[in-house]
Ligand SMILES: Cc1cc2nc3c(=O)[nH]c(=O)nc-3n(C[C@H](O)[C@H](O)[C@H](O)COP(=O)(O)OP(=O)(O)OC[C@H]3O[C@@H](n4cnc5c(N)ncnc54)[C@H](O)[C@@H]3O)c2cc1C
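Coming up is one lone chain in structure tokens, specifically the form predicted alone.
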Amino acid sequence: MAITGLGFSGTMVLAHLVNSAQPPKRIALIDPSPKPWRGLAYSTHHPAHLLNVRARAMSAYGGDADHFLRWLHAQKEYAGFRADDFVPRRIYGDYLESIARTALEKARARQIEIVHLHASLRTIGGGNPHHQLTLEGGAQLSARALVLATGNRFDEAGEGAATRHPWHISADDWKHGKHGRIVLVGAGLTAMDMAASLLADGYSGEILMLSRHGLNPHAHNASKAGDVDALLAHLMRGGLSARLFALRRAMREGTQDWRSIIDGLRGHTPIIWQSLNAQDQQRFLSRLLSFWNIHRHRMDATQRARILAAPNVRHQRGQVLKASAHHVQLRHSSREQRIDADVVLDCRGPSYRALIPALADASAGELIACHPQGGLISNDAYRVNDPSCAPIYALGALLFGERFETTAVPELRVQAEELAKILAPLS
């Protein structure tokens, strides 16, 4: 059995497999990252990059709601965090590493062979009863089952393009422009991360956020998930416009705070998404996704207020036509403008259509199939390939087109546990 990708999803599949009553005898872990177990989201080490969910909701185990809080309080340096705090993401990365270490120790005790291959998966040779996998560098292995946990991916940036992975830039990288201008393409959570770390590092130059709508994520408040049963009936029928009207009316005229409504819909989002036809799904992604994201993916209110009140943070609306390392071509209304900068950071986030090369090749070879809205086509049991071959399973961002709500811990922890139950008998 092989797992490719060792962020949250891959780590938790491994943890559940090791704890299974019928664990596999050998598990190959395929990931080239120098920081396994953390993934893209939690590999940042900047203390200003915070979780966007309170600590009490971030347990890696769905059946143990206080697991993360107990871990925090067991660490002397983290014991001061409370349930309602927004903890730095680097600390959550430490938490995932501790889960991985425990899993590896249990694997040794249960005589489960764990092989960690520090390489990228290059090709998948479909077969039965095994897949033949080729890694970067030419190494090969066979696997009776393959788990794809590759997480969020970015389109490849061309030479001279703006930086696509801004979380991994250290403070020293932008000190040369301390009194100049840094352009952030986008105004969502990634851009707010970058602004937070720039301000925390004492950057006094201009921080310019560019986005089509000029919208930042909303702030969390003390509200809890609300009762959406009546609203759900309206959101499961009709076209996209009618459903949007029903949602807006409930948020505007209902007795519940709009945040409670959005949070109450969270568990129902996949079935609402699947009830839309392909045309309405595409319309939503092209016209409404940015509006949905600022309401659904919120942030710490204190951090948000600090960023937006900073005198050197500025916003400008417009469509970004081109973003290079030191300038951006922007269109607003019918006018185009070139904006020069010391540094341009592309903060528009991952692409749900981007695949690792092995999956792109497998798709071209018809071993797997891409979903029209992004990710892979799967069945309800996470399988993404033909039953005539050895199974290939996917979870997380690769299920975006199928489930839409599939990139945050509350969904990923359920997927990892369910998939591990399917995998356990495949020794």
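Bear in mind the structure is a predicted one, so any value in this text is a computation, not a measurement. Residue indices: 1-based, along the sequence shown.
This protein has a second form, the form predicted in complex with the named molecule, left out of what is shown; the following refers to that one.
Against the named molecule in the model of the complex, the set 143, 391 and 418 makes no contact: no member has a heavy atom within 4.5 Å.
Only one of the listed residues (268, 153, 73, 327) places a non-hydrogen atom within 4.5 angstroms of the named molecule in the model of the complex, and that residue is 153. The listed set 199, 285, 356, 215 contains one residue whose heavy atoms approach the named molecule in the model of the complex to within 4.5 Å, identified as 356. At the 4.5 Å threshold, heavy atoms of residue 119 reach the named molecule in the model of the complex. Using a 4.5 Å cutoff between non-hydrogen atoms, residue 55 does not count as a contact of the named molecule in the model of the complex.
Residue 374 falls outside the set of residues with a heavy atom inside 4.5 Å of the named molecule in the model of the complex. Of the heavy atoms in residue 402, none are within 4.5 Å of the named molecule in the model of the complex. Of the stretches 337-345, 268-276, 143-151, 250-258, only 143-151 has residues with a heavy atom within 4.5 Å of the named molecule in the model of the complex.
Taking the named molecule as positioned in the model of the complex, the residues of 1-32 that bring a heavy atom within 4.5 Å of it are, in sequence order, 4, 5, 6, 7, 8, 9, 10, 30, 31, 32.
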